[in-house]
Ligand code: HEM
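Read the single chain below, which is given as structure tokens and is the form predicted alone.
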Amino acid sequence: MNELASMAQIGALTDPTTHAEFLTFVLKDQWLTVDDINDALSQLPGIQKSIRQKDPSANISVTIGFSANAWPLLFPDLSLPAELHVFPEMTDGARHFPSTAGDIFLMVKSERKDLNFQIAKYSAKALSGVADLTEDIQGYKYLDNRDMIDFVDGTENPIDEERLESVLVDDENDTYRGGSYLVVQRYIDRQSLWDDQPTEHQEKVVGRTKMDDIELDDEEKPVWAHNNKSKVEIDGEEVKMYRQNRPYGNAIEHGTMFVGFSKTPSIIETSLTQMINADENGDYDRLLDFVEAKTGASYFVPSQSFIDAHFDD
């Protein structure tokens, strides 16, 4: 597993930083050649290296992923990674997880918002001839890693060896080993509705205490609590993904960027299916009463060795 870790894009494994920028690009609807796209993408490593040198202590990393739509255009001689597909739209009742356009995804992490912005600005310019930047979301650490509804986010994230085992692909061919599958959704909070709820109900919705971030006892926690409905189990054992979520926005509009890494997208999609679909008793993830998904896209994040081989000048 350590060999896989050395192959991976470092940002897929490291902890979330104080600032993060999430960029979604859609390839232009025109005749693009492989060389056109590769020439544009090959500018990115140099941009990252130059800006990283401005402040080595900022802990800058840039993680890049590609969609099922982009893959055959970028890598016509390679098969798709085994489980790479378009994010499946999901609907049940009033709840909706849309599937939205996204071909190239960049996650820029560091301790400095200004350096993240520089990487985003120059990356957008480098790709402007082949792709449109359709979304640029600047996320940040809020209080003690809380989301904007004031609960700690990412408490159950795997660490150390468990994180490597949860995130990195190790059962595909050598081309894709050390990569990861990524699902990205942007949520908007229905803040006023949430604020109207008493703390006791909010805690039942999330499944944890608000102040101390302690999981509720099974006797207290409803079936429809978020941490019940989002949990994935196989043969009675919990299977984890690695969430690098970050809150974003301002007092007018804000929410959470869900950024989930896993060795298989089926884990994340199972979690989302359990959340959105009401069971035989009509129970679904009640957190979805207070947040709304606006985007949804899936990517494969290849290993760093793959990126170096294809795009490093």
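Quick note: we count residues from 1 along the sequence shown, nothing fancier. On a predicted model such as this, the values are computed, not experimentally measured, just so you know.
Not pictured, yet referred to below: the form predicted together with the ligand.
Using a 4.5 Å heavy atom cut-off, which residue among E156, D132, D92, E111 comes into contact with the ligand in the predicted bound form? The option sitting close enough to the partner is E156.
Position in contact with the ligand when the complex is considered in the predicted bound form, options W224, Y187, Y176, F105, heavy atoms within 4.5 Å: After the contact test, the surviving option is Y187.
Which of 134-142, 71-79, 205-213, 121-129 lines the interface with the ligand in the predicted bound form (heavy atom within 4.5 Å): Answer to the contact question: 205-213.
With the distance limit set at 4.5 angstroms and only heavy atoms considered, check whether I149, S230 and E238 all reach the ligand in the predicted bound form. Verified in the predicted bound form; spot residues all in contact, yes.
Give a yes/no on whether L23 approaches the ligand to within 4.5 Å in the predicted bound form, heavy atoms considered. Close contact is absent here: in the predicted bound form, L23 is far from the ligand, nothing within 4.5 Å, heavy atoms only.
I'd like to know whether A297 contacts the ligand in the predicted bound form, with contact meaning heavy atoms within 4.5 angstroms. A297: no, not in contact with the ligand in the predicted bound form.
So, L272 and the ligand: in the predicted bound form, are they within 4.5 Å at any heavy atom pair? Answer yes; at least one heavy atom of L272 falls within 4.5 Å of the ligand in the predicted bound form.
Considering only heavy atoms, tell me if T256 and the ligand come within 4.5 Å of each other in the predicted bound form. Yes.
Within 4.5 Å of the ligand in the predicted bound form, which residues of 287-302 have a heavy atom? Give them in sequence order, or say none. If the 4.5 Å heavy-atom criterion is applied to the ligand in the predicted bound form, 287-302 yields L287, V291.
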